[in-house]
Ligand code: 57M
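Okay, so here's just one chain, in structure tokens, the form predicted alone.
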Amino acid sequence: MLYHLLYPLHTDLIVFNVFRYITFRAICGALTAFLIVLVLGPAFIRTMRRFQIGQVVRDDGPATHLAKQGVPTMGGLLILSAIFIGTLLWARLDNTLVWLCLFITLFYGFIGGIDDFRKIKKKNSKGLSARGKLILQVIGASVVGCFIFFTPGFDGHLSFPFLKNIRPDLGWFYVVFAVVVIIGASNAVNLTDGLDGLAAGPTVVTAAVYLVFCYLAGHVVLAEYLQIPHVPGSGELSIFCAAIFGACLGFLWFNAYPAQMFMGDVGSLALGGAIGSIAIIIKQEFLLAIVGGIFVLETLSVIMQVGYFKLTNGKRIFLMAPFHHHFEKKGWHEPKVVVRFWIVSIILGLLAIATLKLR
């Protein structure tokens, strides 16, 4: 919005020329989202307490989590508000890709919001049924997949980290692939959101890495030099990624141990859906498995645990899944688990950036 209002004035005042630069607007978007969460956070927490919108803790979870019962949740509403405001203020609003990412974020936030509301308001409710949630996720992800496949300039080719000359064309199947990536990313972040700050930390790292890749993919010269797919207009998604970065960083102020509020499914499903969509749009789908390695490992731990449990009639691989609970069961304190997962996430983020030259 500010780009459209202020940049035309650069002919009269040279200072407004800064609005042409994506880097400047991305920094401003991150700071805007961060400050919105930081300033509004205390009032949001008080409001959630007043309306008794608190965390519902499962009885079969670690005993230490019982103290989290009633802590304000649905903080994802605050995160999403900051992302939307930060993006709308600083991104170019004539960019279709920006609106596509905002759509999927809002849609998945809506799914998570319904799920959270049912859990809170109906005693012993598990929220949306797994089938109902999946159907809605498929609908939202299909919009992104179809848009990418049928929009001129896009195609069904894949891009692999470390490999510059291998780009198989999936054809129509790319839409299905996109749906799987977006739904997988959304549910992976949701599974990771089990400890104070555990989901927000890796999301900050992932958003920062994709910010870099969005900028490079949108710059024809840099994309050609680094031999990554050039996606016209994707540079503006850097502002969207920056807003995610700033909003999650601000949320960590209140979500760090001991958490004053949780993001809930309204936050985790939306953030995962947003990240998955970005990966699809800029053709860096498999990069998500590297930079989002924590999310992938958490998901695999659940799949392995459930599969092994069924095959062996009750035996387990982990003491508890997702596997952040495994470490808790082994005696690690919650902050130690979270910080070590953050460290791993940062290392994976650096490795993801390194793929730009290791091709």
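Source: prediction; values computed, not measured. When you see a residue number, it is the position in the sequence shown, counting from 1.
One more form of this protein exists, namely the form predicted together with the ligand; it is left out here, but the text below deals with it.
Visitor: Quick one: Leu31, Gly201 and Thr206 and the ligand in the predicted bound form, is every residue within 4.5 Å by at least one heavy atom?
Guide: Not a single residue of the candidate spot has a heavy atom within 4.5 Å of the ligand in the predicted bound form.
Visitor: The chain here is shown without the ligand. Which stretch in 31-39, 318-326, 45-53, 288-296 comes within 4.5 angstroms of it in the predicted bound form, by heavy atom distance?
Guide: Partner-contacting stretch among the options: 318-326.
Visitor: Does the ligand come within 4.5 Å of any heavy atom of Val175 in the predicted bound form?
Guide: Contact check for Val175: no, nothing within 4.5 Å of the ligand in the predicted bound form.
Visitor: In the predicted bound form, is there a heavy atom of the ligand that lies within 4.5 Å of any heavy atom of Asp265, even though the partner is absent here?
Guide: Close contact exists here: in the predicted bound form, Asp265 approaches the ligand to within 4.5 Å, heavy atoms only.
Visitor: Check Asp193 for me: does it contact the ligand in the predicted bound form (non-hydrogen atoms, 4.5 angstroms)?
Guide: Close contact exists here: in the predicted bound form, Asp193 approaches the ligand to within 4.5 Å, heavy atoms only.
Visitor: Does any part of His65 reach within 4.5 Å of the ligand in the predicted bound form? Heavy atoms only, please.
Guide: Within the cut-off, so yes.
Visitor: Let me know the one among Thr105, Thr87, Asn255, Ser234 whose heavy atoms come within 4.5 Å of the ligand in the predicted bound form, would you?
Guide: Partner contact (heavy atom, 4.5 Å) among the options: Asn255.
Visitor: Scan Gly109, Gly197, Gly140, Gly246 and let me know which has any heavy atom within 4.5 Å of the ligand in the predicted bound form.
Guide: Only one option qualifies, and that one is Gly197.
Visitor: At a 4.5 angstroms cut-off on non-hydrogen atoms, which residues of 103-119 are near the ligand in the predicted bound form? List them in order.
Guide: The stretch does not touch the partner at all.
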